[in-house]
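This document opens with one chain alone, in structure tokens, the form predicted on its own.
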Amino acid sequence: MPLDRAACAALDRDDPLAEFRDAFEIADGVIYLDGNSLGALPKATRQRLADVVAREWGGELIRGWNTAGWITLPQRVGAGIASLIGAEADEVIAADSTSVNLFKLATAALALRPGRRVIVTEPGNFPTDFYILQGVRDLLGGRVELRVVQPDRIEQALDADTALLLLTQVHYKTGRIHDMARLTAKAHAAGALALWDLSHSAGAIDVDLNAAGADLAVGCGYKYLNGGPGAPAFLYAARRHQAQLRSPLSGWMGHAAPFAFGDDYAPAPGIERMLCGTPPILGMAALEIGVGIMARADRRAVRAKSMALGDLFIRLVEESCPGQFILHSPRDAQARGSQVSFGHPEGYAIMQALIARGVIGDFRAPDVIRFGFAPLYVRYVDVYDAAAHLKDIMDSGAWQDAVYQTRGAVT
């Protein structure tokens, strides 16, 4: 028997995460399925930022670095994120952007493996990962080789010349999950380091960096961690590597004694050496709220609901729009992150038609429509209604309206 809306409503009533939805601002009539790109606004963030601006910045002024604890925000937020990704509090710090952190860690990793020149990655990885690696290669005058291999050839590509394996744990377009533990072990067997991009993992799936033996990792704060647009990112470095890591961006906040104002750089002990410039306090304060909410949720319940929402959406779309879409995501929920991607030649226009109805997902060229399922605020009835809207758009041909054909600057 087909699953109906009443059955979805019953699932919502029994949802152990149901109380978290009220922690977020979601307008009436909006079905938000793009938390894999930008998380929804936590209600507490509005008040927190107002307090930072009016009381801390406005009242304390520069004293806020001490009285409001601004100077330790990178460590505090990093410790919160550590609890979500299987790391110790002193192995994670919030800083900079994902791109900047990739540059810092990739360059530092190469220095830890002198005599090796190869970085292994896969085609179709998120573009910034490629661009940063190309920049590192060019900066080092061609002394680094990028070895780009298909996912099923990664293990064979790791050899005595490999310095670093860099992969995104959850693929941004398809949602496919890499086996972090297995591939990290293979990299170590070849004498290489493993650097993982957790941008589509942290807060969405089970991540255990230390259990997997990971060396280094980065991730963003604005997706499932709900830190807001352009939120600070984070980086992880296993304790065993910290004393040898050297950031190529030796800014003053990474100095052992930044307020001694000496002329010569000396790296701080531990993870703090990977800091660079002054932390963005407004962004850090917002991210701390989002991380705090996620940290209160049961990780097993989050993952179980994530998989259930994805399975439900795949079933509903394939039953109501038979043969019209190609499933680009793994059908097996265990192999899929917290998103579902379908392919259609007119994917952009179809997504714009959905957005016009308040069903907000996104599009990735050339033909992928993505739907993210943030378990803290997406309901089963949201998934049911989204699939119903998609069916109606396809049946009516509404997506063919000219207004949906013009692409915006951001897709």
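Residue numbers here begin at 1 and follow the sequence given. Please read these numbers as outputs of a predicted model, since none were measured by experiment.
Keep in mind that the form predicted in complex with another copy of the chain is missing from the display, and what follows is about it.
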Single option in G213, G270, P151, G251 placed near another copy of the chain in the model of the complex, where near means a heavy atom within 4.5 Å:
G251
Ok, N226, S338, T168, S329: which has a heavy atom sitting within 4.5 Å of another copy of the chain in the model of the complex?
N226
Is Y222 part of the interface with another copy of the chain in the model of the complex - any heavy atom within 4.5 Å?
yes
Using the partner position in the model of the complex, report whether D34 sits within 4.5 Å of another copy of the chain, counting heavy atoms only.
yes
Check whether V381 has any heavy atom within 4.5 Å of a heavy atom of another copy of the chain in the model of the complex, and answer yes or no.
no
Can you check whether H255 is within 4.5 Å of another copy of the chain in the model of the complex, heavy atom basis?
yes
Any chance all of P127, D264 and I360 sit within 4.5 Å of another copy of the chain in the model of the complex, going by non-hydrogen atoms?
yes
Picking from 113 to 121, 99 to 107, 297 to 305, 174 to 182, which part of the chain touches another copy of the chain in the model of the complex when contact means heavy atoms within 4.5 Å?
99 to 107
Do any residues of 38 to 62 have a non-hydrogen atom within 4.5 angstroms of another copy of the chain in the model of the complex? If so, which ones, in sequence order?
L38, G39, A40, L41, P42, T45, R46, L49, V53, A54, W57, G58, L61, I62
